[in-house]
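Here's a solo chain for you in structure tokens, the form predicted alone.
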Amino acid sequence: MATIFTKIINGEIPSYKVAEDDKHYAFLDINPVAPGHTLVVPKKEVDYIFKLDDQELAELNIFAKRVAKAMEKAMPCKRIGVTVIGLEVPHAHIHLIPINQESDMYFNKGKLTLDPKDMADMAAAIAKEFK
């Protein structure tokens, strides 16, 4: 059965896409811990990031780096934090989070609910910077 991320990649569920290539897809998290919180996923459905083969893992990280560089240009922040948790959705993914302090990455704090227009504007700003 397809994961929610596969359904997003296939366009069955709408998303705020920020970047895509033939093997990867990046989109805003709809329950972010900070504005601009982005998920980077392989299009290949693999349950856990360390089940990707070495080449796939390297390519995913290189794609995530490109997304992070676009985020740095589009989002006001000191850095883009990176984390891999992977418990909520059985599909390998990387969290990229604009941060100004470490607490901006705390997943146990309340998640944000952002206005859809703000989400669309953030996605467009990041996508514009993606190269």
Ligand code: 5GP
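Model, not experiment: these values are computed from the prediction. Start at 1 and count along the sequence shown; that's the residue number.
Another form, the form predicted together with guanosine-5'-monophosphate (5GP), is not on view; read the next lines as being about it.
Annotated contact segment (heavy atom within 4.5 Å of guanosine-5'-monophosphate (5GP) in the predicted bound form): 83-91, selected among 98-106, 54-62, 70-78, 83-91. Taken together, D29, L39 and K111 are fully in contact with guanosine-5'-monophosphate (5GP) in the predicted bound form: each brings a heavy atom within 4.5 Å. Proximity of A2 to guanosine-5'-monophosphate (5GP) in the predicted bound form: non-hydrogen atoms within 4.5 Å are absent; the residue sits far from the partner.
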